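The chain below stands alone, shown as structure tokens; this is the form predicted on its own.
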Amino acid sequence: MAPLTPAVPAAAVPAAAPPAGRQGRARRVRVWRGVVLAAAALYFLTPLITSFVFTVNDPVRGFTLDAYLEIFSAEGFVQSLLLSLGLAAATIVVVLLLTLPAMLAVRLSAPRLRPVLEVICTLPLVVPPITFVAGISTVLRWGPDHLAATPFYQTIIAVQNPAFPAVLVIAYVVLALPFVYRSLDAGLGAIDVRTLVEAARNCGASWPHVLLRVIIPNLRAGLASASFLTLALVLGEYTVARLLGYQPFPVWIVTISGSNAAMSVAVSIFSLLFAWLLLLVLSTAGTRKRSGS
């Protein structure tokens, strides 16, 4: 027997409307999210915009970009920037070579030592930079007087070479340890390190092969984050380099500010945008890697 009422297609049945209370909460969340984002943008962009206005507004000529055009021809700009980039590259390599094998060894062989390693790596956060530099200066003054008759004398002299002060690399490695440790710890926590290592070792892979072909490809996001934080630290660190008497990029910016304030602010904006560009590149690379995997 045919039904007395026609069947209504499923597509024609109106969907149940969400409760009014839930709609109100979602609308309030969106409003507060916009308020927070607007306040954060105002907080970060206002100093940047005012600094840019200061560099392009000349009291006599009005709007001008001379401060930015003079950056690349300024005396000492190229040398200081290349020195900072070289120090950053050396610091990244050294700190990763020290931290990554140590963290893997602790995770695989001695998990109980993990809190000890964490305390050691985060200890530089509680040491004031002035105290840290005072200790380095004491060692550098003590070395030539007491190591003159030993092979270490030439080492003390070599690490203070103004062309490439390796002592700054040592100092920056210590300062970058907390940030590198946190980045690598988060990356190692996201993968099953023990299973990957055991599988590779059971297949006959050597330890260097395991590190280079198994761990590092799965740890690219953590390595990129650690490298960027180290680069940002080196490009922005002033106290250690200034008190030790060297002139990398941050010290050069402060030095030139006494003679050309507008160009000093322009260089600061340039370095900030350069760091943001590197962060964007690293973030994009990490996103593409996760999407591909």
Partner chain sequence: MNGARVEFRGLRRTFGATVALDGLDLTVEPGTLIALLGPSGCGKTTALRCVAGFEHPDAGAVLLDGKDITRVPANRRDAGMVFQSYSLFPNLNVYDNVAFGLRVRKVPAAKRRARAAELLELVGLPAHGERYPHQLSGGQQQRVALARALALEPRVLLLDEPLSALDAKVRVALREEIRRLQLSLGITTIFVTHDQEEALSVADQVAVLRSGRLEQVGAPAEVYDRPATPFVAEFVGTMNRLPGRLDGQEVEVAGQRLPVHGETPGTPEVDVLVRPETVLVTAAYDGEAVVLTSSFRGASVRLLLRTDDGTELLADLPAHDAARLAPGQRAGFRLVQRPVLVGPRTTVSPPATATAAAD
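What you see is a predicted model, and the numbers here were worked out from it, not measured in a lab. Residue numbers count along the first chain shown, from 1.
Another form, the form predicted in complex with the partner chain, is not on view; read the next lines as being about it.
- Stretch 204-212 is the answer when you ask which of 204-212, 129-137, 95-103, 77-85 has residues with heavy atoms within 4.5 Å of the partner chain in the predicted complex.
- Remark: L196 counts among the residues lining the partner chain in the predicted complex, judged by a heavy atom distance of 4.5 Å or less.
- The partner chain in the predicted complex comes within 4.5 Å of a heavy atom belonging to N218.
- In the predicted complex, A200 approaches the partner chain with a heavy atom inside 4.5 Å.
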